[in-house]
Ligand SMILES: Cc1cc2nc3c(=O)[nH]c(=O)nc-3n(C[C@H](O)[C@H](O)[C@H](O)COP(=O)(O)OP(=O)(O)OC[C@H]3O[C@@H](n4cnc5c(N)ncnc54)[C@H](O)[C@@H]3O)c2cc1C
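Okay, so here's just one chain, in structure tokens, the form predicted alone.
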């Protein structure tokens, strides 16, 4: 895993609670990334190292800076620290870009739909810009949910794209705080819903449309349900997942256990409370294990199980790249009292 230090060149105010950090590319080791991937930032806050992934809002073929967009989250230690403390000129530690929520330019598609709510627009805008520049014959639709225009991240940028690509790009806004305006016929009241999706795609060739979804689980379920009705191929649907979905039934066999972790050549016993992952328990006692996505999507927190039993809970995607004794500690829970993990 490569690590870099990046200098903050500019900080753009997107909405009252959202900013974009613009990083200058390193002089010698340029960072290569794909539209839709994420950059993992690290800070030491009150003596503890915190790490969080943020999607690129920049596109590699267009934007000169590496840009990540961060929305302030109530009670969010990391996002609040960035909003309150980071300044132009600061040097920030980051990991190499990761993520498979990306656009393949070799895909033969006529049409791409981007579905997002709130800050879910971040990887979508990155991919949209890349698609519009690299494949000018593809029809692009953006369906984007927010409270109102004031809370709409990248509103100015989206309007600029509409001017640059009037024949390729169409945008629909859904507002839960809807104000009717004859000049804004493309704005709809409420949330993105199944009836709208079915109507929008009723005459489309679903075999030739790709769908990118980023937002809460309700949005994903609504869209995927409608696409199933339309018999859209599942391989044409991509979603970015920022949270583990945990079913309480999965924890019925899980008990609080002492787990032994070998990290940097040192063995440490850690109490893992029922409901907490091994990664969370280790971080709570000051063991700074490597990690990034915390959703079981990357391999940063991978450990090898030497003895005992573990269960990974909440994975949304099958991981065929892991060996039988490999476990992602962000979603791993002990099943036995003799668990020994080597990092």
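Positions refer to the first chain, counted from 1. Everything numeric in this text was worked out from a predicted model, so none of it was measured.
Below: the form predicted in complex with the named molecule, not depicted.
In summary, among the residues 252, 75, 195, 203, the only one with a non-hydrogen atom within 4.5 Å of the named molecule in the predicted bound form is 75. With the partner omitted from this view, the residue of 79, 239, 262, 168 that lies near the named molecule in the predicted bound form is 79 [heavy atom within 4.5 Å]. Though the partner is left out of this view, residue 69 does reach within 4.5 Å of the named molecule in the predicted bound form, counting heavy atoms only.
Mapping the unseen interface onto this chain, residue 303 falls outside it, with no heavy atom inside 4.5 Å of the named molecule in the predicted bound form. Interface membership of residue 126, defined by any non-hydrogen atom within 4.5 Å of the named molecule in the predicted bound form, is ruled out. The named molecule is not drawn, but in the predicted bound form it has a heavy atom within 4.5 Å of residue 293.
Of the candidate stretches 51 to 59, 25 to 33, 303 to 311, 281 to 289, only 51 to 59 has residues with heavy atoms within 4.5 Å of the named molecule in the predicted bound form. Along 15 to 45, a non-hydrogen atom within 4.5 Å of the named molecule in the predicted bound form is carried only by 38.
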